[in-house]
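Only one chain is shown below, in C-alpha cells, and it's the form predicted on its own.
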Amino acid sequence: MLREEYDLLVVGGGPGGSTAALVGAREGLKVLLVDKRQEIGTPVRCAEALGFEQLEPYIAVDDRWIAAWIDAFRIVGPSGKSVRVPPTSPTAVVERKIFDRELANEAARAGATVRAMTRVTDVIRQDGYVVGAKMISLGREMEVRAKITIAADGAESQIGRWAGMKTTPRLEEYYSAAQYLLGGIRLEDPRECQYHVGNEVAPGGYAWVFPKGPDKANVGLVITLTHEKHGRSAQEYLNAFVERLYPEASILTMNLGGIPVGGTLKDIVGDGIMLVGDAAHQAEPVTGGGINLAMFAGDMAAKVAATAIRSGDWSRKKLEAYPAAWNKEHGRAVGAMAKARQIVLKFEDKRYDKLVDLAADLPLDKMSATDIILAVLRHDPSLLLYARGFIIPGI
C-alpha cells in the first residue's frame, strides 16, 4: 500500500530515475519511484550500448542483461571507407528491459517503494512549490505528497511543464529516431558496433548496427527533426538502410521516438522539483546516448535532495547545487558536443570521408577525445571555418 507522503517522489523508472531512487534510499530518505508502464524497461527506446566504468556504485554487472560484449566501434563513411575505434571503457550491448528492471529492484532493495502501472496526471503545487503529484495507481486515483519531486519521465516529460518549466526544444535540437531489432542476419563481427554517417544514410544524424548476438542486432538511425519535416521520415531512411545491408532480415521489434540533443536545459530545478535525464535534455548531443549521463544526474540530484531535506530547505536556491554539480562534471563537455553537432550538420559527404581517412592514420587506442580533435584540426584546419565559437573541453 502506498503512503500519502514521502520525502522524495521520483517519476520515471529508467536509469536516471531508478538511480535517483536508489541513491535517495541509501541517503535515508523515504522514496517512492513510480512508472506509468506495465513493465519497467519496456518498450526499449535506445540502441542499448552501455559503458561499464561508472556502473559499480549502483549495480553489479550481471550476465542476464548482457547481450554482447563490444571490442570496437567502427565508423563507416559515405564511400564505405571505415575506421575502427576501441572503446574507452568496457562496453556491452545490454538487454534494457532486464537492466532497467534490475536497477529499479536495486532501489527497492535499498528501501525505496517502487510501483509500476502508476501514471502521474498532474503535479500538486502549494505556495509556488511542487509538493507532490496526483496519480492513478493500479486503477486507483490518489494524491501523494513529497518534499521534493524528481522528474525522470523521459524526452516527452510532462512533469516539468506542469511545474511551469520550459522543456520544449527547438526543432533543430531534436533527433527523430527509428530502430528495428533485426533477426536472421549475418554479422561480420558480433563484437563490433557500427556507426554509418552520410547525408544519404541519415541527414543530420547517423545510423547504427549494434549486435545482440551472432545473428541479431539493433539497427536504427537518427535524423534531425528539421530534415524529417521537409523530406522522408526517419523510418523511411531506416527502411532504405536495412534493405541495402540486410534485405532478408526479419523485424522482431520496432521503436520510434525522439531525443532532445540541444544540450542541457537552462533550468532543471525549481521550488521542490528537479529534472533528470532526457527530461533535463542531458543526452550526449552528437550520438544521443544518455544512459550513463542520466545515472550520473540521478545520483547528483538525489544527494542534493537529501542535503536539502536534512536542512529543511528545498527551495530552488537550495536545489541549485544540483545543476552546479552537473555543470562542473559534465555540463561543459555536453555544451561543447552540442556545438560540435551543429558543425557536423554542415558537412558534405566528402568531408565525412576525409575525416574517416584522417582518423584511420591516428593511434586512436592511445588518444583522448581532445587529442583526436586537435589532431584532426591540425590535419584539416579548414574545419575551423565550421567550428566558429566551438570550445574544446579541457583546452
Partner chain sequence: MTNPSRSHILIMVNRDRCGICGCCVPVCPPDAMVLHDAHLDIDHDTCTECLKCIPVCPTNALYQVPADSVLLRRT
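Residue numbers count along the first chain shown, from 1. Small disclaimer: the values here were computed from a predicted structure and weren't measured.
The form predicted together with the partner chain exists for this protein as well; it is not shown, and the discussion that follows is about that form.
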Inset, instruction - Would you mind picking the one in T287, Q235, N105, S137 that has a heavy atom within 4.5 Å of the partner chain in the model of the complex? - result: Q235
Legend entry - Residue among S315, T168, T121, S89 with a heavy atom within 4.5 Å of the partner chain in the model of the complex: T168
Legend entry - in the model of the complex, segment of 269 to 277, 256 to 264, 121 to 129, 80 to 88 with a heavy atom within 4.5 Å of the partner chain: 256 to 264
Legend entry - the partner chain in the model of the complex: contacted by all of Q194, P214 and A283, heavy atom 4.5 Å: no
Inset, instruction - Consider N199 of the chain shown here, and say whether it contacts the partner chain in the model of the complex, taking contact as heavy atoms within 4.5 Å. - result: no
Inset, instruction - Would you check, heavy atoms only and a 4.5 Å threshold, whether E156 touches the partner chain in the model of the complex? - result: yes
Inset, instruction - Please check if F296 has a heavy atom lying within 4.5 Å of any heavy atom of the partner chain in the model of the complex. - result: no
Inset, instruction - Could you confirm whether R45 comes within 4.5 Å of the partner chain in the model of the complex, counting heavy atoms only? - result: yes
